[in-house]
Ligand SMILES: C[S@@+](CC[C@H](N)C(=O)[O-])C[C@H]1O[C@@H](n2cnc3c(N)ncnc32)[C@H](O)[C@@H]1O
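Just the one chain here, the form predicted on its own, laid out as structure tokens.
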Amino acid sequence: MTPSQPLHQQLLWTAKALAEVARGHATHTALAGVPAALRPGVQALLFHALRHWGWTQAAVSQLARQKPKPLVSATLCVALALLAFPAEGVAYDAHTVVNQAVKACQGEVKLKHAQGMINACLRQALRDLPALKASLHSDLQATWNAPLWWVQKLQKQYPKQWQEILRMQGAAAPMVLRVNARHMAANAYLELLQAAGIEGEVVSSCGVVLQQSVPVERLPGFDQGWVSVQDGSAQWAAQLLWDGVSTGSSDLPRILDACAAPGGKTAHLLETGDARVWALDIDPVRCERIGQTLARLGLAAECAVADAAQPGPWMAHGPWDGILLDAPCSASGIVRRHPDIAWLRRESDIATLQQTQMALLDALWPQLKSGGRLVYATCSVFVEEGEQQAQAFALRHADALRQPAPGHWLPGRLDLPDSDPMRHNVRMAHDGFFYAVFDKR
């Protein structure tokens, strides 16, 4: 939060943004109209409110005599998140929260009529907070702050780990960096960070996790392309592909990044090997970001707006030595970075996404050279988008030889033994992801 900005203003704008999420808009859209001076604090408060939205929605239903209108409900939810779950960076005195929530109503036409009700509900919550929490203890959506279908799916798919997965999804993610291997190794960059007063730990040959997030402008050499922000799980893609791509001939290998925006994995491929890379994305706006990413890093690739599941001019540049398919998915593995995801997804979305993933896999496989490698990735923990998809693909394609890969990398890599010396670092540095690797016979 930003202490220099009045709390009642931050509460009001956060409530407006939360109401937009309730209408189905992603947080970046919901925050678009927030004044620049308020945006950092509002974003922090919005993320905090979303991480406790299951509980606060259930609490509002108990505290309010009748169902409040959307903006009134959102205001109550934001204030209750602060009252019931104070956290570093978003902690305020309880009575200050109540007073500022009431003051927020005074400057908004849609809330003026609700001042008394909001005041009464919040003061009742303060008086009865232990009892209120106890009454919601058996409510799965309130306990785990995710839709019931989401919780139940994880219970079924991960009967021993579902609670820890949900706990990890409810936590804020750390800032993880990918050091550009064409400039230096992670250990050398860590020294630059420490000289700049930024503490972190090396988690791989090119990965560093920071103790605290910082603006990218503070990162040494960011504008010069020495480093990028990228979660540790996403950093597996380049190495998995390069491990199966032949680099012995005089011609540079041809690599296709089939769903490339915003360009992080495209860049990592070019940072770690020499190749001719084609980067596709179906979204023209997001495709522009690929070029921007590469320009900052001093790298070059052929970029095109295209649907990789459909024939197009891009196919003339194949066949490919390597294909990376980071397919559209539920994003259920990156909820800690985007806490709106669970609330925006519908259970029916999973089947639709499965069909998209299947279509992409089947369209791209014929474009791969014999002896080439395809890496299939999703930032999902749901098995329908991961292991089930990989097994079904192998059954459809007799010439696909599956190779070792991480499979479902759960958020925090929960399958690492407690004795593993890297367990703490890996827990911090990795979101949920899935990887399958196929070589073409």
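In case it trips you up, residue 1 is the first one in the sequence shown, and so on. These numbers come from a predicted model, not from an experiment.
What follows is about the form predicted together with the named molecule, which we do not show.
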When you measure heavy atoms, are Lys16, Leu31 and Glu108 every one within 4.5 angstroms of the named molecule in the model of the complex? no
Sort through Val227, Ile165, Ala260, Cys121 and report the residue having a heavy atom within 4.5 Å of the named molecule in the model of the complex. Ala260
Looking at Met358, Ala300, Ala185, Ile282, which has any heavy atom no more than 4.5 Å from the named molecule in the model of the complex? Ile282
Looking at 67 to 75, 324 to 332, 150 to 158, 366 to 374, which lies within 4.5 angstroms of the named molecule in the model of the complex, counting heavy atoms? 324 to 332
Counting only non-hydrogen atoms and a 4.5 angstroms cut-off, does Ala306 reach the named molecule in the model of the complex? yes
Can you work out whether Lys103 and the named molecule are in contact in the model of the complex, taking contact to mean some heavy atom pair no more than 4.5 Å apart? no
Is Gly232 close enough to the named molecule in the model of the complex to count, meaning some heavy atom within 4.5 Å? no
May I ask you to state whether Lys133 is within 4.5 Å of the named molecule in the model of the complex, using heavy atom distances? no
Residues from 179 to 206 in contact with the named molecule (non-hydrogen atom within 4.5 Å) in the model of the complex: none
